[in-house]
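Shown here is one chain on its own, the form predicted alone, set out as structure tokens.
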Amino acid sequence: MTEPVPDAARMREVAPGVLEVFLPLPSKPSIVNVFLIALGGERWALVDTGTGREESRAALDEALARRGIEPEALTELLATHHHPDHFGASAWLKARGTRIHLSALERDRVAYALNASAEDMLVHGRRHGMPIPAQPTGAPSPMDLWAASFQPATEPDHLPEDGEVLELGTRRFQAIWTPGHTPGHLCWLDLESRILFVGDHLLPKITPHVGVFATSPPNPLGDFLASQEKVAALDVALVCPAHGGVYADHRHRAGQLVAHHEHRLRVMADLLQAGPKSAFEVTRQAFAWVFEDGVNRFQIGAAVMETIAHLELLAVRGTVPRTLGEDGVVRFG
């Protein structure tokens, strides 16, 4: 059960005209940060939405009321990506008149998530060595997992492109395409204040999940590392992440994330010295702790998807070969 957020901690000003709002999540991490940005003339923008759950929507409305912001004054949503804690309440906001800015690639992920069956991921998992029976029971689809959290707007009002500048009231925001965590993830840079709203791309304490799923791009970890280099080149005064506190040194954190994944790549390359392995076999060694507390299908699946991302990058770099066996299983090494 999620612990309630103390009332006094639900909102704070992190820069002039920029309010950080803490919204509850049904699982860890237990809070997502969204950001209200004053646009002048009683207009406001919001970066990300929280989930579509009633308790999250109520917390956002409470934050608006405490600041004296009328719901219709929330005119723009600058979405970073399609995941439920970032875009799950977007249909609710759109119905109240908020314009939705979401990349075309993320719009496509919304459409897929709403209609996907479990079969894509079952086939994908078997292909990478997961011991999934021919007739599994209780295999969840994306919507089975996301349920009430995901109530997305299916038709954004605007599909921003990489580098595009939006002039909204007194502010100008540049869309920065940062694929990796998701294919169309965007960071938003306030060009005057140099505040960068990073969604899940550049978190201060945890590493965002980067995995190869059934319909993912083939090399998302390579995309993620390139996106870190891209963001590190920006002139940024303050970073506003979706999880964890705001911070200033974006280049240092980008470097840490790159170093972390380079270390994981070396670990996995070493595990393949003994001979070719499937991603599931590598996961059992590289993420052994995931298997210690019994069978948690979600955690094991996430670890396998992340392992695939590392192994695919090793293959792209030419560090290890990638082969498809007669049994239909992909092996590396």
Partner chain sequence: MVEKIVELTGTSSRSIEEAVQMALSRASVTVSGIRRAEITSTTALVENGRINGWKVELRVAFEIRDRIHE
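Please read all numbers here as calculations on a predicted model, not as lab measurements. Residue numbers count along the first chain shown, from 1.
Although it is not shown, the form predicted together with its partner chain is what the next lines describe.
Stretch-level contact analysis of 264-272, 297-305, 278-286, 47-55 against its partner chain in the predicted complex, using heavy atoms and a 4.5 Å limit, identifies 264-272.
The shortest heavy atom separation between residue 123 and its partner chain in the predicted complex exceeds 4.5 Å. At a distance threshold of 4.5 angstroms between non-hydrogen atoms, residue 256 is in contact with its partner chain in the predicted complex. Taking the partner from elsewhere, residue 194 is found to have every heavy atom lying beyond 4.5 Å of its partner chain in the predicted complex. Although the partner is absent here, residue 172 lies well away from its partner chain in the predicted complex, with no heavy atom inside 4.5 Å.
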